[in-house]
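Quick setup: one chain, the form predicted alone, written in structure tokens, and binding and motion questions come after.
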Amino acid sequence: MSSRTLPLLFINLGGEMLYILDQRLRAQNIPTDKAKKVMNDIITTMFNKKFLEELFKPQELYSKKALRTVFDRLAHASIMRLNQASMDKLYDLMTMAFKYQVLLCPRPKDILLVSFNHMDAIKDFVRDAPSILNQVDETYRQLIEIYTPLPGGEFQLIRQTLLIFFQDMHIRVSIFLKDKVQNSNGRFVLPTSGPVPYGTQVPGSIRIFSCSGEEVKRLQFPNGCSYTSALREGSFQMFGERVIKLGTNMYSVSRPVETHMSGTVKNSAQHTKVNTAPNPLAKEELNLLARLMGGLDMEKTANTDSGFRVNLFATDEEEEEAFISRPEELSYEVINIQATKDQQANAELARIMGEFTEEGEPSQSPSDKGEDLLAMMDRL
């Protein structure tokens, strides 16, 4: 597995989250100033300097629950609030969209172009906020500096790491079902025609060479598909044409989007077993997650009455029904990270979370505090 996968996973999922939220804010006729504040606050939090310093350190991926915790905090970094069913749907849409993009990448390195498409869109969201735009541009420079020199084999490892992470996720999405790119069991339908990857040739030729390396014979055979020559290579610079459309906003045309649990996932005992098995690296994962959360500047809202709720379903009744009917093995219980009891046992964790509180985490009632470190590890 590649240790350089986490930043790309985070940025691409974050980009998909912003696409979905932007679409829902428009659909619910949220006032422009409030919608803009939500997008700006989330992007500011996503590209916080301390947060990204931890994110870009070479490291292995961690559990889906831990990742879900990070995105739950990001989605609530502003005045917007989501019920658990809507947050579940948001996360399902994010992950399935990016999974599809990874599967469709013509070559492993194109995952970076998908990431740049998301980054381009994020920059467009904050084009009127120079200070936030500078944060995004700094991350852009880091991506270019770290990832463009990587060899093709490293990108193949990144792609395989991502596919392993997504392999048990088969959520049906209405857009994909209508476009016939997803089957009723939640598995994607991959095309067997179209442009070949950049740097490759259209299949159909057999070339025979002599010992001296000269081509002495060429045979043609039917390839059975409708292939075309590769498109030009997309730009890996901060500005440029990416060529591929993966990672762009598929919600730009207003379309209702629903998610459904596939039957194979609902009834899979093995799937349940995999997700409920104790994590032997739970302590290390908790420390990593705490460091990531320690870098998130959560804005304290002075007037709680100005907050509003966003529903990713058509009605509140549908949202409640989705919450009740969701399979238990797919529920993501958000990890509440505190470090108030076990400060001596984990001074570093306490220090980080202490900084986090000082930087503006919304105050919590005494009943929410005092989570024991071992209890939290059990919940991972």
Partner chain sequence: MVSDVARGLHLASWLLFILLTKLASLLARPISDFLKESELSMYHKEKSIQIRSSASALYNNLSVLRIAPRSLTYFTVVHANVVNMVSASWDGLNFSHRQLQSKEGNIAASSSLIMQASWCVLPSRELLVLTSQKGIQMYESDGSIMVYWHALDIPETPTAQAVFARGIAAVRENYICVGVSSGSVLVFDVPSKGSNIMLSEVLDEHRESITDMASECSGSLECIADLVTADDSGILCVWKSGEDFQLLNKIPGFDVCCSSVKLWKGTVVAGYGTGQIRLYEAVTGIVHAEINAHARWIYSLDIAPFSGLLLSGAEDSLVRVWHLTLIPETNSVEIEHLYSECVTDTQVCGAKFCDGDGYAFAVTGYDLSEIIRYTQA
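Given the structure is predicted, the values throughout are model-derived calculations rather than measurements. Residue numbers count along the first chain shown, from 1.
The form predicted together with the partner chain is left out here; the points below concern that form.
Peer 1: The partner chain isn't shown here, but in the model of the complex which of M238, L231, V202, L177 has a heavy atom within 4.5 Å of it?
Peer 2: None of the other options qualify; the answer is V202.
Peer 1: Could you spot which one of K123, R159, H76, R172 gets a heavy atom to within 4.5 Å of the partner chain in the model of the complex?
Peer 2: So the residue touching the partner chain in the model of the complex, by this definition, is R159.
Peer 1: In the model of the complex, is there a heavy atom of the partner chain that lies within 4.5 Å of any heavy atom of D316, even though the partner is absent here?
Peer 2: Contact check for D316: no, nothing within 4.5 Å of the partner chain in the model of the complex.
Peer 1: Any chance G153 has a heavy atom within 4.5 Å of the partner chain in the model of the complex?
Peer 2: The answer is yes: G153 has a heavy atom within 4.5 Å of the partner chain.
Peer 1: Find out whether any non-hydrogen atom of E320 is located within 4.5 angstroms of the partner chain in the model of the complex, and reply yes or no.
Peer 2: E320: no contact with the partner chain in the model of the complex.
Peer 1: Would you classify T32 as touching the partner chain in the model of the complex, given a 4.5 Å non-hydrogen atom cut-off?
Peer 2: Residue-level check for T32: no, no contact with the partner chain.
Peer 1: Which of 111-119, 160-168, 132-140, 87-95 has heavy atoms within 4.5 Å of the partner chain in the model of the complex?
Peer 2: So the stretch in question is 160-168.
Peer 1: Is any part of 228-251 within 4.5 angstroms of the partner chain in the model of the complex by a non-hydrogen atom, and which residues would that be?
Peer 2: Not one residue comes within 4.5 Å of the partner.
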